[in-house]
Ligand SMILES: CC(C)(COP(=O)(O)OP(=O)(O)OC[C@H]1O[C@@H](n2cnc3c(N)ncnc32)[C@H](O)[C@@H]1OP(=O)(O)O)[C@@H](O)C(=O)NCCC(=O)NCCS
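Coming up is one lone chain in structure tokens, specifically the form predicted on its own.
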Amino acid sequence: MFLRQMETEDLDIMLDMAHAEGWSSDRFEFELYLKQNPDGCFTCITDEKVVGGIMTFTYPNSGWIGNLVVDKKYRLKGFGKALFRRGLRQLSSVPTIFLCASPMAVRLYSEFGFKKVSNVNRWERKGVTLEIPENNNELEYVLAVDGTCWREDRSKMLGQVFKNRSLLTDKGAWLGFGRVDDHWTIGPWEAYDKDLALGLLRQSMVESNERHILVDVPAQNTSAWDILTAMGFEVVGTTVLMCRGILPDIVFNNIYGFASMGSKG
């Protein structure tokens, strides 16, 4: 077994492993990781083939570990831990590292100094689709709102994300969404108050028996819980947001949906 930097040709293999786990991931997201941080994505090689991988993503003051996956046939052999250690070394220069863990993996990551920040609930609404508006040019405003929520400059990521997502804005609120395989995902979704957040959701949702919607929401945002419950969403899964290092004063009450399904905040 050895680790090497991830190559573009590895992405389809990574996606196959991700989909086998039921992840909501697409090639655009994986390519975004690799293009933005090519030195921080790694694959595990054994038997002359890719059997696992990990991706890291950096902002000016923090980093994220995401998309850590190992082929089911090669688990319990130390490959995942080797990949994770390599990802940590890659992010050793940033003061804060985030990841989203399955509940079963919390204890493992705790051994590496990670502490629980919040549960992240995955909500699903069946029988609906999202109406695609024309993309507007309010990215500068969106980045300003996002910075107040996350206490971080995430323009490097969001500027690329919205090349593949639709965007709705209102004064004090914005919502992004896009198609991933057979479903839609909402996110990022941020608002300064509950009514603004609800208004954007109502504006975008359309009844459709052929589609469903997913959104990942920090559990601290009780207003999001109220909105999503009222709009017919149900919690279908939970992960745990964890942090190692300095935890910024993130305004979770204004975060109604993560930018991706748990990998970049």
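Numbering starts at 1 and runs along the sequence shown. Since this is a predicted model, take the numbers as computed values, not measurements.
Keep in mind that the form predicted in complex with this ligand is missing from the display, and what follows is about it.
Engineer: For the three residues 23, 77 and 111, verify that every one has a non-hydrogen atom within 4.5 Å of this ligand in the model of the complex; reply yes or no.
Structural biologist: Affirmative, all three are within 4.5 Å.
Engineer: Please check if residue 116 has a heavy atom lying within 4.5 Å of any heavy atom of this ligand in the model of the complex.
Structural biologist: Output for residue 116 is no: heavy atoms all beyond 4.5 Å of this ligand.
Engineer: Examine residue 148 and determine whether its closest non-hydrogen atom to this ligand in the model of the complex is within 4.5 angstroms.
Structural biologist: So residue 148 does not count as contacting this ligand.
Engineer: With a 4.5 Å heavy atom cut-off, would you call residue 70 a contact of this ligand in the model of the complex?
Structural biologist: Heavy-atom contact with this ligand at 4.5 Å: present for residue 70.
Engineer: Just checking whether residue 183 would be counted as a contact of this ligand in the model of the complex - the rule being heavy atoms within 4.5 angstroms.
Structural biologist: Flag for residue 183 set to no.
Engineer: From the list 101, 167, 173, 157, which entry has a heavy atom within 4.5 Å of this ligand in the model of the complex?
Structural biologist: Among 101, 167, 173, 157, a heavy atom within 4.5 Å of this ligand in the model of the complex occurs only for 101.
Engineer: This ligand isn't shown here, but in the model of the complex which of 126, 163, 89, 81 has a heavy atom within 4.5 Å of it?
Structural biologist: Filtering the options by heavy-atom distance leaves 81.
Engineer: At 4.5 Å between heavy atoms, only one of the stretches 61-69, 193-201, 217-225, 35-43 reaches this ligand in the model of the complex; which one is it?
Structural biologist: Among the candidates, contact is made by 61-69.
Engineer: Output the sequence-ordered list of residues from 169-203 with at least one heavy atom within 4.5 Å of this ligand in the model of the complex.
Structural biologist: Not one residue comes within 4.5 Å of the partner.
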